[in-house]
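Okay, so here's just one chain, in structure tokens, the form predicted on its own.
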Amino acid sequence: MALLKIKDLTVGIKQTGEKILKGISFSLNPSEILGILGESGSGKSLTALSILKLLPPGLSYFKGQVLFEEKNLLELEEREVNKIRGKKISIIFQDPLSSLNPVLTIEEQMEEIFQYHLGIKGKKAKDLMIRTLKEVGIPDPEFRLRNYPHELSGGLRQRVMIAMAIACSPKILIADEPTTALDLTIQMQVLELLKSLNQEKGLSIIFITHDLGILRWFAHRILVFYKGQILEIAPTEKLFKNPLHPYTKLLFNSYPGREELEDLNLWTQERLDQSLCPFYTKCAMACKESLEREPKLREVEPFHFVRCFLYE
């Protein structure tokens, strides 16, 4: 049974009615690492924020459901969602320095979490802080608790963010490009840490990135985003062996580990966007059906879904 279900999530600009996320539907299973892949502006990060009702100003939910523990989070009052954020569903972002409070020590920031969600403070909270910092591989945690964020390296700051995210033993961790700002060595250390939390604690992870190489090693299943829609969903190895959507194939052509893909190039001629297919203007295989109706996300083989008329 799925741990989290997103159904027909549609988000847009309240004032104009323009849709940015268009009917997003997917599920997250217990102990699964689900990768969300796409270029900048495809809707990856907005999807993460939408799950926790953290929409930027000016945006609004048009329709859809975010189902967790038999509740639609979008229908809950803010105080009820606050009890879930950080305790049952946590999120970490690309830049921990902008997420951490610069005028509070790590201890002060972690104590706020323990006091709010678990009702503990003082020595009991500090013991739990030290244990959590040790779990994420931070050396000399008692000393680090006295540090301010600017006194830590980028890798240590990201580990602190992970420690704060898992402090209350959440069921789901949403990681929005958490390694992009780190060098390659630190990237791998953070990824290995997240993978160990998944394997040892059964932590379910939604991992957002534009890096194919990371997802091939890290994710169990991948969603491919483009212009606010999901174009393809498949288990990781199945997607790498047999990408189906023309956009996915173009992405994979740029990945050095892929071979034997047909030569797909962007159209050089201008084509008016008169279709309901999000990839129509750039697709080398664009078909007339795209001008008549919207392609639906269909299961074309077991656990492999694609939004394309070529596979109807």
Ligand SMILES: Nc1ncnc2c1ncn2[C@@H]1O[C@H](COP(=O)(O)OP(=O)(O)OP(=O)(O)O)[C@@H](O)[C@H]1O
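What you are looking at is a predicted structure, and each value in this text was computed from that prediction instead of being measured. Residue indices: 1-based, along the sequence shown.
There is another form of this protein, the form predicted together with the ligand, and it is not shown here; the text below is about that form.
For the candidate set L145, L215, L194, L152, a heavy atom within 4.5 Å of the ligand in the model of the complex is found for exactly one residue, namely L152. The closest heavy atom approach of S42 to the ligand in the model of the complex falls within 4.5 Å. Taking non-hydrogen atoms only, L67 never approaches the ligand to within 4.5 angstroms in the model of the complex.
Heavy atoms of I20 reach within 4.5 Å of the ligand in the model of the complex, making it an interface residue.
Using a 4.5 angstroms limit between non-hydrogen atoms, L46 touches the ligand in the model of the complex. Within 4.5 Å of the ligand in the model of the complex, a heavy atom is found for not a single one of S25, K249 and A286. Of the candidate stretches 235 to 243, 113 to 121, 128 to 136, 154 to 162, only 154 to 162 has residues whose heavy atoms lie within 4.5 Å of the ligand in the model of the complex. Residues P56, P57, L59 are the ones in 54 to 92 with at least one heavy atom within 4.5 Å of the ligand in the model of the complex, listed in sequence order.
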